Every structure is written in C-alpha cells, then in structure tokens.
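This document starts with one chain, in the form predicted alone, laid out as structure tokens.
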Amino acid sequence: MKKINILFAASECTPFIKTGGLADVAGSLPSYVDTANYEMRVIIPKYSALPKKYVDKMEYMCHFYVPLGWRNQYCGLFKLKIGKVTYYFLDNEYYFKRDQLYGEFDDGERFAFFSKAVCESILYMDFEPDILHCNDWHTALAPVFLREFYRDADKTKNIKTIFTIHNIKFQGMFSSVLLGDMLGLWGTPAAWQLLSDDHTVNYMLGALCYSDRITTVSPGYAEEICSWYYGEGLDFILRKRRDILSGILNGIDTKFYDPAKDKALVCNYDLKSLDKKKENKLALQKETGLKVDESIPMFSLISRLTEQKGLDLVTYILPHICERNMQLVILGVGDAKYEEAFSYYAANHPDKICFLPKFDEPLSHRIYAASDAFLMPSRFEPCGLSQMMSMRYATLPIVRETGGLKDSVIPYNKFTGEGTGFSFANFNAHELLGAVDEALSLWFDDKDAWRHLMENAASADFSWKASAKDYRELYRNLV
C-alpha cells in the first residue's frame, strides 16, 4: 500500500499556541492519523508568542521569498519534531510578531501571506505531501493559490486539497481591492469565484470552490450548513458541492481529560469509583463560597460568553434557577452583557450562583469533575468539545439538538434508561428550563437512573481513534 503524506495547515496548534478548538484538532489528530501507511505533518505561523522552550529547539531549514501581488516577502522555514509528529513554522516578523493572533487591521494580508507561504514552502521542505489539508478561512486561499500558481511545479502539481470548516460564521471577508493588489488573482478563473459581491472578497468561498473535498467537524453540522439558516450565505455553494462534503466528529485528548489521573482534581475517580466524584463537588463548593452540601445538584457552564453559546437562554432562566434547589457555576469571559448578568445574579445569590470571569484550565477540570450537570444550549455548534469533556468526567450535559451536540449526546429515555445526557430541540428558554427540570427531577427522584446515565456518559468513547480512522479513509479515497 502506498504511503500517503498529508500536510495539515492551520493558524494555531497545541501545545504551541491556542485560542480555540482548531488548535486542539491540529495538536491531537496527527498523532492518531500516523501509521505505517500515513504521515501527517503540521504547518503554522511562527508567532512571536510561541513559548521559548519550543522556539529554542526549532531547526532552521531555509528561507525564500513569497510573491504576494506586487510584493516579494521574506519567509523562513523552521522545523521541530515532538514525539512522532513533525511541525513546520513559517517565519515573517512583519506579519506574525504581534500581540494577538487575530483581530489586526491587516488580517487579510497576513493570512493571504500565510496561505501563499504554505504553498511556496512545499517547494523547499523535506516532505512531499500528497494532500494539503487546510482549515478555516486563515488557510482558505491555499487551495486557490495551489491551483492557480503552482500547478506546473513537480512537487505541487499532483497535490489534492481538503478544506475543513470549523465555524462557517467566520469566513475571512475583506475589500475586493485585495483581489488584485494582494492576491494577484485578477485575470484568473478565481477572480470572480472569490467575490461575495462587487466589493467583498471571501477567502472561505475560494476554498469551497477550489478544494477537492470539503469537511466539517460533525455530520450534523455538515447537514445544517447546507441550509439558509445555518449556511451564513454560503449554503448555495455547499449545496452545489454536496457530493464532496462530509462531516467527521472531532475527538478529545482522553489522556489529558482523565478523571482517574487528572492532577488538577482534589480526588481522582474512574468508572468503578464514581462515589469519589462528590469529594470534588464539596471542595469546589468551599472554594467558590457556595453552600457546602453534596445533596444539592451542581450545574456548570464553561464557555466563551458569546451569543453563539446560547447564553441569552441562560440569562433568561436565571431567576428560575435561583428559585430551584440547585447551584450554578459559570467560568468564562466574553460579551459585557453576559458578564454583567452573571455578576449581578452571583452577587445577589452567592449561595446558589458563582461566576468566575476568567479562563483557567486547571479550574475548568475541577468544575467538570465537581458538577453533576453541564449546560451547553448553543444557538449553533459545529462540533463542541465541552460536552465531551463533561461526559468524560461523568457529568451529564444538557444541550440543544444542533450540530455536534446532537451527534454526541444521546438524550435520556425514561422508558428504556438509555442516554448520556438531556437535550431540547428549539432555541427557546422555556425548553432549556424544561430540560433543566427534567434533570432535576431525575436527580432527586431516581438516583439509580442518574447513576446509570453517569456510567453511560463516562463510558462513551470520544477519543481521536474513531475520527482518525474516518480521516484516513477520506485521505485514501482522495488519492
């Protein structure tokens, strides 16, 4: 069997730098894909924020110049191997020596450079990819550049391309002036395919038109984005290319999220010792100032505080939560309106609600372990990882039936006892409250059924093994 080489291009990757789930995918998937017949290497920008301990170990390979419109920009190519995975880093301090990864005034130029540099670097690296796997709008121009400018080069002319949509809401939309001045695409077939309208160039649209395969991070999301409601204006091209679109559910690092060995926890436990889980609740109640009582069900929410995460529903039902015999712990930062609402209720109901306006990785693990139920009522959710993490800690998720949440959480069936959590269908606060009440009723009235759901949730396999198998099949079918 011919060995397949895959170059995975992303704007972030653990353990080097992270702002969201894309970094977890880039950091976890390659080691699971790699077998005797597959090799996946990762390429990201060499940001100034990369930890020094990694930068010091990087091997300088070469430098070259990247044509970008009328410009020729320097690019250094560095290499680092961690475990069995090889990583490449593209260096240009003008673009990547910044205080933040995204949100700069010239993001359109910065990531056009990165996409072009990915293509150019293939000509110089010690690796000949059969497949270039790009992710989100930051690398969306690479399939376009590869076809328009690199189809005659020996090392790039036969490369197949895959583009993965992690969140279709963020598409990389900029002034159409960039099409000629920056991208150098005037006069090519791509010129009109990248335009959302006369004034806007859309990077993601380019990838959807030019890639050989399109994937998303869950089967449910792949279906949803073909509709007007979820497609964010790109549903027309996704319906047109539906035959090459598929969804593969993300996994989580089950070694990192392991209640039996997690050093952040007060008390470790596993499937055979679930009774020890309550020790983590008692400790968190003391830590946060909530009433210390193991008989009170603790609900939690760990999230970026944005509209996407369904927080309008949560804020609406806060008065009802305060009336119920339950506790709620919220960890996260984001939009001011949500921070203010959570702060208000936490201040007025300190025995019931705790709001922690920050992100703290070890604390998030302690909250997963301490909680009995986990709220995730997203407006839309391409995949979602928090619900998988909560189940890993035998904490039952309460989710809206959308995207990856619907694919990963089996709703409780009171007649058969099946399920790994609770769910509701419509984006409606009363339905969320109904799901909360269903969970509360089961907690207080049927401890055996609750324990059974905990065991089901903790037994669910969300490792990368199954997802990696699907990716290997996708790669094999493509070449």
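None of these values were measured; they are calculated from a predicted model. We number the residues from 1 along the sequence you see.
The protein also exists as the form predicted together with adenosine-5'-diphosphate; that form is not presented, and the subsequent description refers to it.
For the three residues F113, K157 and R213, a heavy atom within 4.5 Å of adenosine-5'-diphosphate turns up in the model of the complex in no case.
Heavy atoms within 4.5 Å of adenosine-5'-diphosphate in the model of the complex are found in exactly one of 268-276, 196-204, 324-332, 291-299, that being 324-332.
In the model of the complex, at least one heavy atom of S364 sits within 4.5 Å of a heavy atom of adenosine-5'-diphosphate.
A residue is said to contact a partner when one of its heavy atoms sits within 4.5 Å of a partner heavy atom; F127 fails this definition for adenosine-5'-diphosphate in the model of the complex, lying far away.
Within 4.5 Å of any heavy atom of adenosine-5'-diphosphate in the model of the complex lies no heavy atom of D351.
Contact check for K469: every heavy atom lies farther than 4.5 Å from adenosine-5'-diphosphate in the model of the complex. Listed residues M376, V409, A373, A369 were compared with adenosine-5'-diphosphate in the model of the complex; M376 is the one with a heavy atom within 4.5 Å. Only one of T161, Q73, T86, S303 lies close to adenosine-5'-diphosphate in the model of the complex, with a heavy atom inside 4.5 Å, and it is S303.
Applying a 4.5 Å heavy atom cutoff to adenosine-5'-diphosphate in the model of the complex picks out G384, L385, S386, M389 from 383-405, in order along the sequence.
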